[in-house]
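A lone chain, given as structure tokens: the form predicted on its own.
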Amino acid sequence: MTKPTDEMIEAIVQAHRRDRFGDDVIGEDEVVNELQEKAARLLGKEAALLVTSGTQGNVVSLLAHTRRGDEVVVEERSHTFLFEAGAMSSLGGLFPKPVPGVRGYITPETLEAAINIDDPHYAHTALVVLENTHNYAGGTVTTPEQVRALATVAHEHGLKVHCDGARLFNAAVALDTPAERLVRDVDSVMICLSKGLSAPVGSIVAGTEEFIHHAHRVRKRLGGGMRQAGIIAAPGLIALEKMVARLREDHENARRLYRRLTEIPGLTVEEPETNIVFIGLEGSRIDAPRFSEELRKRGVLVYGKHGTRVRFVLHRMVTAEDVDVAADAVADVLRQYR
């Protein structure tokens, strides 16, 4: 939902005037190269690759780490498992093994129990996916210590570790720690330049030079080779340079929304760690789709396509005043369905 800033649009114009755009398929776009180098440094990795979206970045990473028929351990509510249209299976021939997490985190003990023995009856367990922050668990944060513990078990068993870091910088800001520290122990990471960072399109995959070499080929295979992709990379540079620190405002607004919503009778509200607030409608006579539609009529957009759980995401386009408007709208809808 975020729109690019004026500075992002101006960055595109200035890059064009300076004739910095080139053919990224053969590595000649100066702006893309600058973005990839900057992202790699920020994430503490050897190399990085611009991709079109977070989903493409995750799929590229999974396919670069594995062979067809391999098994991938995923948290049962993870984005790679639930919300990527079965891409790992349909495109990569990979077999997902969903396991329960603790607030979205796969514990080392759970991973240890999920890894198959080396037996021809079983798929070869090759990879585990960590999501930080974890969207469906409520924007929850995984600490560097938790990442290290999980990665230690994975690497002891020969597994690779991929971090779906679509909102990695939200975790870094919440923990007041560099993003590099959160992915120091993983083999690859994907970050989104859109979402809270406000770039209009694009994500980054980072890892070793060897991994990125493989990822580049997979991206091409998926149709992700781009020409003058600096038009995407220019806003991405601004996203990394200017938009990370302000994520704290989104977290504060999420807390504000949480406090307001807890005042409404008959509503279950999950306490936020970052910029995502989930509510439960079990105590009312309305389901998530109808609730979402009623809020839309009142100018409030939320995600609730099924069941009784609804997601609110706070971002740059939502002010503290907007939070109060949203809370009032929620109260108004629920008054009609008691």
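Since this is a predicted model, take the numbers as computed values, not measurements. Just count from 1 along the sequence shown to find any residue number.
The form predicted together with a small molecule exists for this protein as well; it is not shown, and the discussion that follows is about that form.
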{"property": "Residue 167, heavy atom within 4.5 angstroms of the small molecule in the model of the complex", "result": "yes"}
{"property": "Interface membership of residue 36, the small molecule in the model of the complex, 4.5 Å heavy atom rule", "result": "no"}
{"property": "Residue 71, heavy atom within 4.5 angstroms of the small molecule in the model of the complex", "result": "no"}
{"property": "Residue 129: touches the small molecule in the model of the complex, heavy atom cutoff 4.5 angstroms", "result": "no"}
{"property": "The single option of 251, 79, 216, 124 touching the small molecule in the model of the complex, heavy atom within 4.5 Å", "result": "79"}
{"property": "Selected contact from 135, 228, 146, 110, since only one has a non-hydrogen atom within 4.5 angstroms of the small molecule in the model of the complex", "result": "135"}
{"property": "4.5 Å heavy atom contact with the small molecule in the model of the complex for all of 55, 58 and 192", "result": "yes"}
{"property": "Stretch from 233-241, 261-269, 192-200, 95-103 whose residues place a heavy atom within 4.5 Å of the small molecule in the model of the complex", "result": "192-200"}
